[in-house]
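Next up: just one chain, as structure tokens, the form predicted on its own.
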């Protein structure tokens, strides 16, 4: 079954280093049947446009400004990355929420800005260890979904991917088990059904992010209700990431 495989480079590699990576990755994944998205730093998008042209590899940014344009020094607008051929953007990553204090209200505005520009949104949601231990994870995720997608029209959900990334698992080597991931994927779909419709819940793309790597990807990506994976550190190894992206699930 075809999966959506997303690589989030975070703030790693220089544009000069990414050139060789992009060329190698495009060659190694030439016959992949999966949908592949690479999200490098802003500075790499021109390189992505050059080396992914003519391939099935899509690419996007890791963030955007909530405003379409104006006096916002240091920010990057949705139309700017769209002009470079990007078709995706990650919004609400746990690192943005924690380190840059991005609220659900701000994330909701960014999503609306991205969708209005014609970008596909990879919305990240996830709980911390304290919330998990308090057995409030499902309630927490449902509220995030509710707040982040407030005011979004159902037909716009065709351009929204929900990435469940438990904060306690990101970069720690700890991974949620298949039962927990399946339960959270269902929780996400239940909330989509509550907000929109059963049809929308069935159609929404749900991926998992949280220490996915070459050792565990086969097990994780066969989880019921899961449509793919969002990977951070694991995507930096071009050989291993190409193997994951080419896998026939």
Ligand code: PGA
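Positions refer to the first chain, counted from 1. Here the structure is a predicted model, which means the values were calculated and not measured.
Omitted from view is the form predicted together with the ligand, to which the following refers.
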So which of 117, 170, 152, 80 reaches within 4.5 angstroms of the ligand in the predicted complex, heavy atom to heavy atom?
170
Name the residue from 156, 75, 147, 95 that puts a heavy atom within 4.5 Å of the ligand in the predicted complex.
95
Can residue 210 be called a contact residue for the ligand in the predicted complex at 4.5 Å between heavy atoms?
yes
Should residue 228 be counted as a contact of the ligand in the predicted complex, where contact means heavy atoms within 4.5 Å?
no
Does any part of residue 15 reach within 4.5 Å of the ligand in the predicted complex? Heavy atoms only, please.
no
Is it the case that residue 19, even though its partner is missing from this view, gets within 4.5 Å of the ligand in the predicted complex, heavy atoms only?
no
Of 162 to 170, 81 to 89, 137 to 145, 107 to 115, the segment with heavy atoms within 4.5 Å of the ligand in the predicted complex is residues 162 to 170
The ligand in the predicted complex - contacting residues of 7 to 29, heavy atom within 4.5 Å:
8, 10
